[in-house]
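A single chain, nothing else alongside it, follows as structure tokens in the form predicted on its own.
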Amino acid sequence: MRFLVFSASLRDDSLNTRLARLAQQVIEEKGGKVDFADMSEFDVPSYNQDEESNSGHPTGAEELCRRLLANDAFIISSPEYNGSMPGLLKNAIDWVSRFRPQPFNERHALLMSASPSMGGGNKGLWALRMPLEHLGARVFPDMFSLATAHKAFTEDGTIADATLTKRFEDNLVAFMNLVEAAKHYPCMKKAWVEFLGEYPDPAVERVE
């Protein structure tokens, strides 16, 4: 099983990058393969349909699309900015959603966050679920938010608390098992339609 893993932070020594690296370690220990990416690889200018029509997709969007399609699932460790997701992540999602076939559709996703706050950045993950699920991604129900993350890591990058470590690893293993089952034992496929009664006009058509 191949997993795209990346932090949605551009900051050096980001808490979310540490959490993403820890996820990589656990996945590889459990026999999975990780394609670890840096958010800077997916950085794009603000979405503008005129720019898309005139110049096509920017390099960062093409790279994220390629990496999504090359892996069985993806994991994002995202910071929380003012109770929501980072703007650069939403912007990247908006650009990538314009590709056809749309690469988020039916792709399994796990969301994580790390924050110095007591909530661990969890509100940002709820905001992040909305565009991903809107685009047909299968977002894992159990999200992991590491609270007071500035105190949570040991010097070697692991989580100091044994109970939190077990919860983190168990959550990743459950996600890996789901992705494996979906790949090798697929259920009946259905078309993704945002609203079943939506008028089939090319300007708003989102059926795939």
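Sequential numbering from 1, following the sequence displayed. Source: prediction; values computed, not measured.
One more form of this protein, predicted in complex with a small molecule, exists but is not displayed; see below.
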- prompt: Based on heavy atom distances of at most 4.5 Å to the small molecule in the predicted bound form, which listed stretch, 88 to 96, 128 to 136, 111 to 119, 68 to 76, is the contact stretch?
  reply: 111 to 119
task: May I ask you to check whether Ser14 falls inside a 4.5 Å heavy atom distance of the small molecule in the predicted bound form?
output: yes
field: Any non-hydrogen atom of Pro101 within 4.5 angstroms of the small molecule in the predicted bound form
entry: no
